[in-house]
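Next up: just one chain, as structure tokens, the form predicted alone.
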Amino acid sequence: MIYLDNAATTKPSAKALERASAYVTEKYYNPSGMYKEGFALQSELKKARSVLLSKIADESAFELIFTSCGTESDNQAIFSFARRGNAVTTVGEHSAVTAAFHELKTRGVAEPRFAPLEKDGRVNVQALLDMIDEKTCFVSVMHVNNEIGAINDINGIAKLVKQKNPRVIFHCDGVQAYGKIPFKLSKDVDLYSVSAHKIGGLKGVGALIKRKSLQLPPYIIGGGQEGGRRSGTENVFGIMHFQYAAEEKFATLKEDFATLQEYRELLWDLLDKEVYTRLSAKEGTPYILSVAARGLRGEILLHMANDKGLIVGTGSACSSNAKNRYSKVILACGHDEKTADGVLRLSFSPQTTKEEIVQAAAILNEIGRELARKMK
């Protein structure tokens, strides 16, 4: 089976699983326990926090709070700070952000505003800035678009936002960027969400990175874990696996970036241009190539590919239960419904091989041509 849906989730690192196994079989204690074994686990969690944070941020300026996933991290950021006036985001965000912004209106706590996208999937920065005024309390812009792979200049956008309104809290969904593209957070970014299972970690672990000077109210209340910012007994096994997986991922980040750029372009070169149209820009993340078989159904192609041993996506896996047939992101990029209906998202990992890319292209060409003949 060839797996090209790594933007949805990645295979857990076997090496990290082996290293972390002791936290299931031996070090299974509660890290909040008053006994020495509990205290020891607290020290190990502190080290994991430091390792994960230091990869993208200055530890003297930022701190990291463990959560259950990227969605929880996004929700905590939004519902903690979007509490008055208006809040601004983009139409291309993950549903964890867009649904939460719509909920702000339902709760009557803040007016949600949605900035448009450029054709390549990046936010229209000027339109975003035009939506910010003296009543804006919160702005959220994703780092890497999970459907089309566009990369936003987060540090640059955050700086412009702060120049427009210094009181704004700036948040970024970094789930598709962390461990995949080289960057460091600037002082203008207040909050940044990450997730373990996008980089070879386990599902059920995420983190919210915050500027230390920012007072973050708790989102889940209970036993006061994570310094009172996120209650619930920490998933020590998952957190330690996250640390080990991140160490592996960042060790080869630049090499992986270059290799997957080559594979992404190879796959596009091999695809039949009479069937497929490219949606992802060359300047986007090398981990995602979105294409469209215009006039065909992407969902049908997905199942046909699956029958031939190829797993691909059609967009955000978290939106697969959505009522809307067409991706709001693809439509927001200016594509029509026929294009949006035929989208396939092909996403890679460092474990993807060149041979798999060649085989995947052959399968996609075969099923695309077959379905096109049937549709005539």
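In case it trips you up, residue 1 is the first one in the sequence shown, and so on. Keep in mind that this is a model prediction, so the values were computed, not measured.
FYI, the form predicted together with a small molecule isn't displayed, but the following is about it.
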| query | Within a 4.5 Å heavy atom cut-off, is L4 in contact with the small molecule in the predicted bound form? | reply | no
| task | Verify the contact flag for M142: yes if a non-hydrogen atom of it lies within 4.5 Å of a non-hydrogen atom of the small molecule in the predicted bound form, no if not. | result | yes
| task | Spell out, yes or no, whether the shortest heavy atom distance between G342 and the small molecule in the predicted bound form is within 4.5 Å. | result | no
| said: Is it the case that A57, even though its partner is missing from this view, gets within 4.5 Å of the small molecule in the predicted bound form, heavy atoms only? | reply: no
| field | Contact residue in the predicted bound form, from K198, R264, R230, K210 (heavy atom within 4.5 Å of the small molecule) | value | K198
| request: Just give me the single entry in A48, L310, C69, L64 that has a non-hydrogen atom within 4.5 angstroms of the small molecule in the predicted bound form. | output: C69
| note | Only one of 213-221, 275-283, 114-122, 172-180 has residues with a heavy atom within 4.5 Å of the small molecule in the predicted bound form, and that stretch is 172-180
